[in-house]
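Listed next as C-alpha coordinates is one chain, alone, in the form predicted on its own.
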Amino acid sequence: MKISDMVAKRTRRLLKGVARSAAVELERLRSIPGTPEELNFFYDVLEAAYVRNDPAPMLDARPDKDLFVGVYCMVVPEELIYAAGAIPVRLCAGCFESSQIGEDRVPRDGCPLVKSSMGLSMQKGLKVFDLCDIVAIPTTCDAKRKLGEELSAFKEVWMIETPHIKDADFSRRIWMEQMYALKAKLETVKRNGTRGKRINARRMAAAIQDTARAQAEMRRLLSLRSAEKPLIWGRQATAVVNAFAYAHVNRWTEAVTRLNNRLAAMAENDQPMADSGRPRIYIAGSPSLFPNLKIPTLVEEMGGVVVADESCAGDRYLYDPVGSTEKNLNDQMLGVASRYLAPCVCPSFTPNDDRLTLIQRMITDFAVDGVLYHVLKGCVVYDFEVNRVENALRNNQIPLLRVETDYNPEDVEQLRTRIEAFIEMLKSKRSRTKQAVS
(Lines give C-alpha, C1' and ligand atoms only; values in the text may rest on other atoms or scores of the structure.)
Protein backbone atom coordinates (compact mmCIF):
# COMPACT_ATOMS: atom_id res chain seq x y z
CA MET A 1 0.00 0.00 0.00
CA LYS A 2 1.29 3.49 -0.88
CA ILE A 3 2.10 5.89 1.94
CA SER A 4 -0.56 8.30 0.68
CA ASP A 5 -3.15 5.51 0.82
CA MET A 6 -2.10 4.64 4.36
CA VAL A 7 -2.43 8.29 5.43
CA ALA A 8 -5.85 8.55 3.81
CA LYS A 9 -6.97 5.37 5.55
CA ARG A 10 -5.75 6.64 8.90
CA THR A 11 -7.56 9.94 8.35
CA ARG A 12 -10.83 8.19 7.51
CA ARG A 13 -10.49 6.03 10.61
CA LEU A 14 -9.87 9.12 12.80
CA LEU A 15 -12.77 11.12 11.39
CA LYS A 16 -15.09 8.14 11.68
CA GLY A 17 -14.12 7.58 15.31
CA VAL A 18 -14.45 11.26 16.25
CA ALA A 19 -17.82 11.53 14.49
CA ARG A 20 -19.09 8.38 16.20
CA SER A 21 -18.09 9.57 19.69
CA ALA A 22 -19.57 13.03 19.07
CA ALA A 23 -22.81 11.59 17.70
CA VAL A 24 -23.20 9.34 20.74
CA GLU A 25 -22.70 12.27 23.11
CA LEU A 26 -25.12 14.47 21.16
CA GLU A 27 -27.74 11.74 21.13
CA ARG A 28 -27.32 11.41 24.89
CA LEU A 29 -27.87 15.15 25.29
CA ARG A 30 -30.79 15.35 22.88
CA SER A 31 -32.57 12.44 24.57
CA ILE A 32 -32.76 14.14 27.98
CA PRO A 33 -36.48 14.40 28.76
CA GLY A 34 -37.89 17.93 28.62
CA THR A 35 -34.93 19.38 26.71
CA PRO A 36 -35.85 22.92 25.55
CA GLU A 37 -35.71 23.28 21.79
CA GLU A 38 -33.56 26.38 22.33
CA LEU A 39 -30.64 24.04 23.08
CA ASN A 40 -30.71 22.63 19.55
CA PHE A 41 -28.58 25.46 18.16
CA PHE A 42 -25.66 24.52 20.42
CA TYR A 43 -25.99 20.83 19.61
CA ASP A 44 -26.10 21.72 15.91
CA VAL A 45 -22.87 23.72 16.28
CA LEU A 46 -21.10 20.76 17.87
CA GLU A 47 -22.55 18.40 15.28
CA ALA A 48 -21.35 20.65 12.45
CA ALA A 49 -17.83 20.69 13.87
CA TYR A 50 -17.42 17.02 14.80
CA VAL A 51 -20.02 14.93 12.97
CA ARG A 52 -20.79 16.70 9.69
CA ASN A 53 -17.28 18.19 9.54
CA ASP A 54 -18.72 21.40 8.10
CA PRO A 55 -18.15 24.18 10.67
CA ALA A 56 -18.15 27.18 8.31
CA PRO A 57 -21.91 27.95 8.36
CA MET A 58 -22.00 28.17 12.16
CA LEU A 59 -18.95 30.43 12.08
CA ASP A 60 -20.61 32.63 9.42
CA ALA A 61 -17.43 32.04 7.45
CA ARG A 62 -16.23 31.56 3.89
CA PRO A 63 -13.54 28.88 4.09
CA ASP A 64 -11.83 30.02 0.89
CA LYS A 65 -11.75 33.73 1.74
CA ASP A 66 -11.83 34.38 5.49
CA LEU A 67 -8.91 34.25 7.89
CA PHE A 68 -9.11 31.82 10.78
CA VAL A 69 -7.10 32.01 13.98
CA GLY A 70 -6.90 28.98 16.24
CA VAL A 71 -6.60 29.76 19.95
CA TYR A 72 -5.82 27.79 23.08
CA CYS A 73 -6.76 28.54 26.68
CA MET A 74 -8.92 31.52 27.65
CA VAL A 75 -6.32 34.27 27.73
CA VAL A 76 -6.10 34.96 23.99
CA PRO A 77 -8.27 38.06 23.35
CA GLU A 78 -10.84 37.10 20.74
CA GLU A 79 -11.79 40.79 20.47
CA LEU A 80 -8.44 41.42 18.77
CA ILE A 81 -9.06 38.60 16.31
CA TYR A 82 -12.52 39.85 15.34
CA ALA A 83 -11.16 43.41 15.09
CA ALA A 84 -8.58 42.16 12.59
CA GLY A 85 -11.39 40.79 10.44
CA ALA A 86 -10.49 37.19 11.30
CA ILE A 87 -12.50 34.42 12.94
CA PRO A 88 -11.33 32.80 16.20
CA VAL A 89 -11.71 29.05 16.69
CA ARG A 90 -10.85 27.55 20.04
CA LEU A 91 -8.92 24.34 19.48
CA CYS A 92 -8.73 22.78 22.97
CA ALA A 93 -9.86 19.27 22.07
CA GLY A 94 -11.64 16.50 23.98
CA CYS A 95 -11.42 13.55 21.56
CA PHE A 96 -10.08 10.21 22.75
CA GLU A 97 -9.38 9.05 19.20
CA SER A 98 -7.01 11.93 18.42
CA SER A 99 -5.29 11.73 21.81
CA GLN A 100 -3.94 8.33 20.77
CA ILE A 101 -2.43 9.87 17.63
CA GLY A 102 -1.05 12.77 19.65
CA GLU A 103 1.02 10.35 21.71
CA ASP A 104 3.40 10.18 18.75
CA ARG A 105 4.65 13.63 19.82
CA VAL A 106 3.32 14.15 23.38
CA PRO A 107 4.51 12.01 26.32
CA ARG A 108 2.19 9.13 27.18
CA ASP A 109 1.57 10.60 30.65
CA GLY A 110 1.04 14.08 29.22
CA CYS A 111 -2.17 16.14 29.29
CA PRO A 112 -4.94 14.43 27.26
CA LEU A 113 -6.18 17.84 26.07
CA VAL A 114 -2.79 18.55 24.55
CA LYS A 115 -2.51 15.04 23.11
CA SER A 116 -5.96 15.30 21.53
CA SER A 117 -5.26 18.75 20.07
CA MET A 118 -1.89 17.57 18.78
CA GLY A 119 -3.45 14.53 17.14
CA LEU A 120 -6.07 16.59 15.30
CA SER A 121 -3.35 18.92 14.01
CA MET A 122 -1.03 16.11 12.93
CA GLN A 123 -3.72 14.10 11.18
CA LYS A 124 -5.45 16.40 8.74
CA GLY A 125 -9.13 16.01 8.09
CA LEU A 126 -11.16 17.74 10.81
CA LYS A 127 -11.92 21.13 9.28
CA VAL A 128 -12.13 23.19 12.47
CA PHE A 129 -8.43 22.46 12.83
CA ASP A 130 -7.50 22.51 9.16
CA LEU A 131 -9.16 25.90 8.56
CA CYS A 132 -6.83 27.79 10.88
CA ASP A 133 -4.20 29.90 9.14
CA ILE A 134 -2.30 30.54 12.35
CA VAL A 135 -2.57 29.25 15.92
CA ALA A 136 -2.10 31.52 18.95
CA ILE A 137 -0.90 29.68 22.05
CA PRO A 138 -0.28 31.31 25.44
CA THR A 139 2.45 29.84 27.63
CA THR A 140 0.03 29.23 30.47
CA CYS A 141 1.55 25.87 31.38
CA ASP A 142 4.48 23.66 30.38
CA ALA A 143 2.26 21.46 28.22
CA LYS A 144 0.96 24.41 26.17
CA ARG A 145 4.48 25.78 25.80
CA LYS A 146 5.76 22.51 24.37
CA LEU A 147 2.58 22.07 22.32
CA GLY A 148 3.44 25.26 20.48
CA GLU A 149 6.88 23.96 19.63
CA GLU A 150 5.52 20.67 18.33
CA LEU A 151 2.61 22.26 16.44
CA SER A 152 4.96 24.52 14.54
CA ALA A 153 5.84 21.49 12.40
CA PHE A 154 2.28 21.56 11.01
CA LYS A 155 0.98 25.13 11.41
CA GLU A 156 2.22 28.66 11.80
CA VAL A 157 2.27 29.22 15.57
CA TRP A 158 2.29 32.51 17.45
CA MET A 159 3.36 32.06 21.05
CA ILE A 160 2.09 34.52 23.68
CA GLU A 161 4.41 34.77 26.65
CA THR A 162 2.10 34.76 29.68
CA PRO A 163 3.47 36.20 32.95
CA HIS A 164 2.68 33.99 35.93
CA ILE A 165 2.82 36.68 38.65
CA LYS A 166 -0.20 38.77 37.71
CA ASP A 167 0.13 41.63 40.20
CA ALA A 168 3.69 42.69 39.40
CA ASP A 169 4.32 45.83 37.35
CA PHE A 170 6.76 44.01 35.10
CA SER A 171 4.07 41.37 34.37
CA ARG A 172 1.57 43.97 33.25
CA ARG A 173 4.23 45.62 31.11
CA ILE A 174 5.20 42.31 29.48
CA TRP A 175 1.55 41.42 28.91
CA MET A 176 0.83 44.73 27.20
CA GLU A 177 3.83 44.20 24.94
CA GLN A 178 2.51 40.74 24.11
CA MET A 179 -0.93 42.15 23.26
CA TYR A 180 0.55 44.75 20.91
CA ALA A 181 2.74 42.08 19.31
CA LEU A 182 -0.33 39.90 18.76
CA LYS A 183 -2.19 42.88 17.28
CA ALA A 184 0.65 43.50 14.82
CA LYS A 185 0.76 39.84 13.87
CA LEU A 186 -3.00 39.63 13.26
CA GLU A 187 -2.84 42.67 11.00
CA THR A 188 -0.32 40.96 8.73
CA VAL A 189 -1.72 37.42 8.53
CA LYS A 190 -2.24 36.48 4.89
CA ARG A 191 -4.15 33.76 3.11
CA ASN A 192 -4.98 33.43 -0.59
CA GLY A 193 -4.69 37.17 -1.10
CA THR A 194 -6.69 38.02 2.04
CA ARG A 195 -4.84 39.93 4.72
CA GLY A 196 -5.72 40.84 8.30
CA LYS A 197 -7.30 44.26 8.65
CA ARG A 198 -5.68 47.14 10.47
CA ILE A 199 -7.07 47.22 13.99
CA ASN A 200 -8.39 50.68 14.79
CA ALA A 201 -10.55 52.08 17.56
CA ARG A 202 -13.78 51.65 15.60
CA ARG A 203 -13.16 47.99 14.84
CA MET A 204 -12.02 47.33 18.40
CA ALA A 205 -15.10 49.00 19.86
CA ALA A 206 -17.37 46.82 17.73
CA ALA A 207 -15.51 43.64 18.71
CA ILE A 208 -15.58 44.56 22.40
CA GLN A 209 -19.31 45.27 22.24
CA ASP A 210 -20.08 42.00 20.44
CA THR A 211 -18.11 40.01 23.00
CA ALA A 212 -19.60 41.99 25.89
CA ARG A 213 -23.12 41.00 24.77
CA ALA A 214 -22.06 37.35 24.85
CA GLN A 215 -20.56 37.79 28.31
CA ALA A 216 -23.70 39.50 29.60
CA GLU A 217 -25.86 36.61 28.43
CA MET A 218 -23.37 34.16 29.94
CA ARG A 219 -23.71 35.86 33.33
CA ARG A 220 -27.50 35.80 32.93
CA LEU A 221 -27.33 32.06 32.24
CA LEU A 222 -25.25 31.60 35.37
CA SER A 223 -27.78 33.57 37.38
CA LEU A 224 -30.60 31.34 36.11
CA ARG A 225 -28.57 28.24 37.01
CA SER A 226 -28.39 29.39 40.62
CA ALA A 227 -32.15 28.81 41.05
CA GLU A 228 -33.18 26.46 43.86
CA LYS A 229 -35.02 24.28 41.35
CA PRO A 230 -32.53 23.53 38.50
CA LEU A 231 -33.68 24.89 35.13
CA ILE A 232 -30.96 23.25 33.05
CA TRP A 233 -28.70 20.24 33.51
CA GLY A 234 -25.00 20.90 34.02
CA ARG A 235 -24.00 18.79 31.03
CA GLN A 236 -26.38 20.80 28.85
CA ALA A 237 -24.84 24.05 30.10
CA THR A 238 -21.35 22.66 29.42
CA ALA A 239 -22.35 21.96 25.82
CA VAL A 240 -23.71 25.52 25.50
CA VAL A 241 -20.36 27.06 26.48
CA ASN A 242 -18.31 24.50 24.51
CA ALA A 243 -20.25 25.51 21.39
CA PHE A 244 -18.92 29.08 21.69
CA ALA A 245 -15.62 27.75 20.32
CA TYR A 246 -17.20 26.88 16.95
CA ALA A 247 -19.85 29.58 16.43
CA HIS A 248 -19.70 33.24 15.48
CA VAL A 249 -20.00 35.32 18.62
CA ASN A 250 -23.18 37.07 17.47
CA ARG A 251 -24.97 33.86 16.47
CA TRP A 252 -24.03 32.28 19.79
CA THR A 253 -25.26 35.33 21.71
CA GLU A 254 -28.60 35.33 19.92
CA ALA A 255 -29.04 31.63 20.72
CA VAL A 256 -28.14 32.06 24.40
CA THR A 257 -30.54 34.98 24.66
CA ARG A 258 -33.35 32.75 23.38
CA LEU A 259 -32.31 29.99 25.79
CA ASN A 260 -32.18 32.38 28.75
CA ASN A 261 -35.62 33.75 27.89
CA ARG A 262 -36.95 30.18 27.85
CA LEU A 263 -35.30 29.33 31.17
CA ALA A 264 -36.69 32.49 32.73
CA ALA A 265 -40.18 31.48 31.56
CA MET A 266 -39.67 28.00 33.00
CA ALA A 267 -38.72 29.55 36.34
CA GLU A 268 -41.77 31.80 36.30
CA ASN A 269 -44.06 28.86 35.54
CA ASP A 270 -42.34 26.58 38.08
CA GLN A 271 -41.17 24.10 35.42
CA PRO A 272 -37.70 22.99 36.57
CA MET A 273 -35.62 20.43 34.66
CA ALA A 274 -34.66 18.60 37.86
CA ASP A 275 -36.12 18.31 41.32
CA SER A 276 -34.58 20.36 44.12
CA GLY A 277 -33.82 17.24 46.17
CA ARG A 278 -30.69 16.41 44.18
CA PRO A 279 -27.32 17.30 45.73
CA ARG A 280 -25.96 20.43 44.06
CA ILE A 281 -22.46 19.84 42.70
CA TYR A 282 -19.76 22.34 41.73
CA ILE A 283 -17.08 21.01 39.38
CA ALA A 284 -13.63 22.48 39.95
CA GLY A 285 -10.37 21.73 38.18
CA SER A 286 -9.64 20.68 34.63
CA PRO A 287 -12.12 21.49 31.85
CA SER A 288 -14.66 19.11 30.31
CA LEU A 289 -14.43 19.43 26.53
CA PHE A 290 -16.85 18.01 24.01
CA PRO A 291 -17.26 15.17 23.27
CA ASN A 292 -15.69 14.12 26.56
CA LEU A 293 -18.50 15.10 28.95
CA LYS A 294 -18.23 11.99 31.12
CA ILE A 295 -17.71 13.83 34.43
CA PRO A 296 -20.82 16.07 34.39
CA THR A 297 -22.79 13.21 32.82
CA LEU A 298 -21.81 10.73 35.55
CA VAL A 299 -22.63 13.25 38.30
CA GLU A 300 -26.12 13.73 36.95
CA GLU A 301 -26.73 10.07 36.09
CA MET A 302 -25.85 9.20 39.69
CA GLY A 303 -28.41 11.57 41.19
CA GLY A 304 -26.67 14.94 41.49
CA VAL A 305 -27.00 18.10 39.45
CA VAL A 306 -24.07 20.26 38.33
CA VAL A 307 -25.08 23.83 39.15
CA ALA A 308 -21.81 25.55 38.22
CA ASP A 309 -18.14 24.99 37.45
CA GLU A 310 -14.92 26.97 37.42
CA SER A 311 -13.69 25.58 34.13
CA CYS A 312 -11.75 27.67 31.61
CA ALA A 313 -14.01 26.07 28.99
CA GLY A 314 -17.13 26.49 31.12
CA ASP A 315 -18.52 29.17 33.39
CA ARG A 316 -15.24 31.08 33.69
CA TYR A 317 -14.70 31.30 29.92
CA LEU A 318 -17.01 34.23 29.28
CA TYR A 319 -17.69 35.67 32.71
CA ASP A 320 -15.53 38.81 32.85
CA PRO A 321 -16.18 41.74 30.47
CA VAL A 322 -13.67 44.28 29.20
CA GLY A 323 -13.76 47.21 31.62
CA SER A 324 -12.84 49.95 29.16
CA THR A 325 -15.51 51.52 26.99
CA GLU A 326 -13.12 54.22 25.75
CA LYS A 327 -12.92 55.13 22.08
CA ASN A 328 -9.16 55.54 22.24
CA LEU A 329 -7.34 52.50 20.87
CA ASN A 330 -4.62 52.55 23.53
CA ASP A 331 -7.22 52.56 26.31
CA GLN A 332 -9.11 49.77 24.56
CA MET A 333 -5.91 47.72 24.34
CA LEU A 334 -5.29 48.32 28.04
CA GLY A 335 -8.85 47.23 28.86
CA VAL A 336 -8.58 44.08 26.77
CA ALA A 337 -5.18 43.19 28.21
CA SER A 338 -6.45 43.66 31.77
CA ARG A 339 -9.57 41.57 31.16
CA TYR A 340 -7.57 38.56 29.99
CA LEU A 341 -4.94 38.64 32.75
CA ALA A 342 -6.20 40.18 36.01
CA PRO A 343 -9.38 38.12 36.68
CA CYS A 344 -8.00 34.82 35.35
CA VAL A 345 -7.61 32.29 38.17
CA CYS A 346 -5.90 29.55 36.19
CA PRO A 347 -3.69 27.62 38.64
CA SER A 348 -0.70 28.38 36.44
CA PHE A 349 -0.62 31.80 38.18
CA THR A 350 1.07 32.33 41.51
CA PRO A 351 0.10 33.40 44.08
CA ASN A 352 -3.44 32.34 43.24
CA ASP A 353 -5.56 33.15 46.29
CA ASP A 354 -8.13 34.73 43.97
CA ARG A 355 -9.11 31.23 42.88
CA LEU A 356 -9.98 30.18 46.44
CA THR A 357 -12.04 33.35 46.85
CA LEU A 358 -13.90 32.63 43.60
CA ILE A 359 -14.66 29.02 44.53
CA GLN A 360 -15.90 29.97 48.01
CA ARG A 361 -18.13 32.69 46.55
CA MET A 362 -19.59 30.26 44.02
CA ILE A 363 -20.20 27.69 46.76
CA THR A 364 -22.33 30.25 48.60
CA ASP A 365 -24.08 31.78 45.57
CA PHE A 366 -25.08 28.39 44.15
CA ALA A 367 -25.90 26.71 47.48
CA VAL A 368 -23.43 23.92 46.66
CA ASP A 369 -23.53 20.65 48.62
CA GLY A 370 -20.26 19.18 47.34
CA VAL A 371 -17.31 19.83 45.04
CA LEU A 372 -16.05 17.37 42.47
CA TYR A 373 -12.42 18.20 41.71
CA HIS A 374 -11.64 17.04 38.18
CA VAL A 375 -7.99 16.40 37.32
CA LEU A 376 -6.99 15.47 33.80
CA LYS A 377 -3.99 13.15 34.00
CA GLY A 378 -0.80 15.12 33.57
CA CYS A 379 -2.44 18.45 34.49
CA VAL A 380 -0.01 19.17 37.31
CA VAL A 381 -1.04 22.75 38.06
CA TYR A 382 -4.65 21.84 38.86
CA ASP A 383 -3.56 18.83 40.89
CA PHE A 384 -1.08 20.98 42.83
CA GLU A 385 -3.91 23.13 44.21
CA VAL A 386 -6.34 20.40 45.24
CA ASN A 387 -5.18 20.38 48.87
CA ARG A 388 -5.50 24.15 49.18
CA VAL A 389 -9.02 24.03 47.79
CA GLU A 390 -9.98 21.13 50.06
CA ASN A 391 -8.64 22.93 53.13
CA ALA A 392 -10.52 26.11 52.22
CA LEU A 393 -13.76 24.16 51.74
CA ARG A 394 -13.33 22.37 55.05
CA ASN A 395 -14.07 25.65 56.82
CA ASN A 396 -17.43 25.69 55.02
CA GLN A 397 -18.00 21.98 55.70
CA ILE A 398 -18.23 21.31 51.97
CA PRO A 399 -16.98 17.81 51.00
CA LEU A 400 -14.64 17.43 48.03
CA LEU A 401 -14.07 14.40 45.82
CA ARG A 402 -10.96 14.36 43.65
CA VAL A 403 -11.20 12.28 40.47
CA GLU A 404 -8.37 11.80 38.00
CA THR A 405 -9.13 10.68 34.48
CA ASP A 406 -8.32 11.16 30.82
CA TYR A 407 -10.31 10.75 27.60
CA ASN A 408 -10.26 6.97 27.65
CA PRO A 409 -13.83 5.70 28.18
CA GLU A 410 -12.64 2.53 29.92
CA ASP A 411 -12.59 4.12 33.40
CA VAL A 412 -16.25 5.15 33.31
CA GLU A 413 -17.48 2.36 35.57
CA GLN A 414 -14.75 2.96 38.13
CA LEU A 415 -15.59 6.67 38.15
CA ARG A 416 -19.29 5.87 38.35
CA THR A 417 -18.77 3.86 41.55
CA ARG A 418 -16.82 6.63 43.26
CA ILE A 419 -19.16 9.42 42.15
CA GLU A 420 -22.23 7.41 43.14
CA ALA A 421 -20.79 6.92 46.66
CA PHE A 422 -20.05 10.66 46.86
CA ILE A 423 -23.58 11.58 45.81
CA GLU A 424 -25.08 9.13 48.31
CA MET A 425 -22.94 10.63 51.08
CA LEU A 426 -24.21 14.11 50.17
CA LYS A 427 -27.80 12.88 50.18
CA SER A 428 -27.32 11.44 53.66
CA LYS A 429 -25.76 14.68 54.83
CA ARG A 430 -28.68 16.63 53.42
CA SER A 431 -31.14 14.32 55.14
CA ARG A 432 -29.41 14.67 58.50
CA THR A 433 -29.34 18.45 58.16
CA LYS A 434 -33.03 18.52 57.29
CA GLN A 435 -33.90 16.34 60.29
CA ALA A 436 -31.80 18.52 62.60
CA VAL A 437 -33.57 21.66 61.39
CA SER A 438 -37.03 20.12 61.78
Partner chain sequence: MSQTYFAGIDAGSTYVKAALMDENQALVAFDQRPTGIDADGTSQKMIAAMAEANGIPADHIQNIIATGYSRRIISMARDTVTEIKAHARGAAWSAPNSIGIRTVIDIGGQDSKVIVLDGDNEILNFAMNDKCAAGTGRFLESLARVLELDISELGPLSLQSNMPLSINSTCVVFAESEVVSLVARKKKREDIVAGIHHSLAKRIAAMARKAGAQPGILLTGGGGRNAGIASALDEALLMDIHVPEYPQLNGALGAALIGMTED
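Numbering follows the first chain given and starts at 1. Not measured: the values here are computed from a predicted model.
Although it is not shown, the form predicted in complex with the partner chain is what the next lines describe.
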(request) Give a yes/no on whether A23 approaches the partner chain to within 4.5 Å in the predicted bound form, heavy atoms considered. (result) no
(message) Against the partner chain in the predicted bound form, would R432 count as a contact residue? Criterion: heavy atoms within 4.5 Å.
(response) yes
(message) Is it the case that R52, even though its partner is missing from this view, gets within 4.5 Å of the partner chain in the predicted bound form, heavy atoms only?
(response) no
(message) Would you classify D411 as touching the partner chain in the predicted bound form, given a 4.5 Å non-hydrogen atom cut-off?
(response) yes
(request) For the heavy atom contacts within 4.5 Å of the partner chain in the predicted bound form, list the residues of 249 to 279 involved, in sequence order. (result) none
